[in-house]
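First comes one chain, alone, set out as structure tokens in the form predicted alone.
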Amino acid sequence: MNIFTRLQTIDRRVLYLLIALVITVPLLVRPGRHPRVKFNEVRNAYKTISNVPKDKLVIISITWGPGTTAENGPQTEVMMRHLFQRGVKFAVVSWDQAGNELSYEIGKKLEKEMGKKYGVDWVHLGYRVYYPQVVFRGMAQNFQKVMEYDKFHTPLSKLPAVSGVKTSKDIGAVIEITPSGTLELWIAYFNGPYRIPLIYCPTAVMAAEAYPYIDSGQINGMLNGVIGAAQYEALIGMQNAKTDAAATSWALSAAHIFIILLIVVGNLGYLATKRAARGGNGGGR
């Protein structure tokens, strides 16, 4: 019995243990090296944010919660980091109760790290009920009246970061970070009618639906899951930093390569077993 035939009989629990190890090691070691290849949609997202005028506000829309933190968390962090680097003010609005706190914690961490100030460089508008037809149009027509106050019920008029934002003309871009199908709502009720650039940051499984909108120009850029976040980090000068996005990208890549190897070995084992069976039948005749 050759090695490929023996591999056919490996206990599946051993395979589960091996794949767990393959995924765990990069997450513990946390290699800092980022992807060298950058998708066009990631480069376009970077260019869009880089071109936002510093006197305009960027809205970061949060519709994710704990279940997709591994992907949407790094996307949120890298977008905030880039905006802080450029000195562009932004407002975070959460349509998810848990995402409300998670996104605020990310903002506070970066604020401390980068020497920024809440209310001056950024604000968090807290959790809002999701009525896109009403809220989106209202933000475009009278931002102060629709939003009114921030997460801590401070009036927007007392927060320099957003006190001058009146209508859609004062908004430079929208960044939608989500695990669900919210893309068409932003296009239909806000970004499309008012011609405001839209950056889409979905989980990897949701990214496929966005490519027709990228091709049509309705989306100005996209971060495809955590891989997109890692590529974006490299674009803003973090190519050697040990980040969650980089570690997760390594873990995913290692897991995919390992699974491909298992498929190849499994097929070789199957062919070897089949050939051995044919040889045995031939010798009996």
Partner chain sequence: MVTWIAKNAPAITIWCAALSTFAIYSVLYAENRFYRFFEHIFIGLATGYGVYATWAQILGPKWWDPMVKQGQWYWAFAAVVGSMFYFMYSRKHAWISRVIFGLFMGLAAGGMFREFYELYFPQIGSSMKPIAGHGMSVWDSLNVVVFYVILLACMSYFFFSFDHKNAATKKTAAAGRWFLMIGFGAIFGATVMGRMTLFIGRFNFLINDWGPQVKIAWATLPFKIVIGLAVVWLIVALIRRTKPPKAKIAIEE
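What you see is a predicted model, and the numbers here were worked out from it, not measured in a lab. Residue numbers count along the first chain shown, from 1.
We do not show the form predicted together with the partner chain, though everything after this point is about it.
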Practice task
Choose from 154-162, 85-93, 170-178, 189-197 the stretch whose residues reach within 4.5 Å of the partner chain in the predicted bound form, heavy atoms counted.
Solution key: 189-197
Practice task
Can you work out whether the partner chain is within 4.5 angstroms of a heavy atom in all three of 73, 106 and 257 in the predicted bound form?
Solution key: no
Exercise for the section: Find out whether any non-hydrogen atom of residue 136 is located within 4.5 angstroms of the partner chain in the predicted bound form, and reply yes or no. Expected result: no
Problem - residue 37, heavy atom within 4.5 angstroms of the partner chain in the predicted bound form - result: no
Practice task
Although the partner chain is absent from this view, report whether residue 262 comes within 4.5 Å of it in the predicted bound form, heavy atoms only.
Solution key: no
Exercise for the section: Please check if residue 218 has a heavy atom lying within 4.5 Å of any heavy atom of the partner chain in the predicted bound form. Expected result: yes
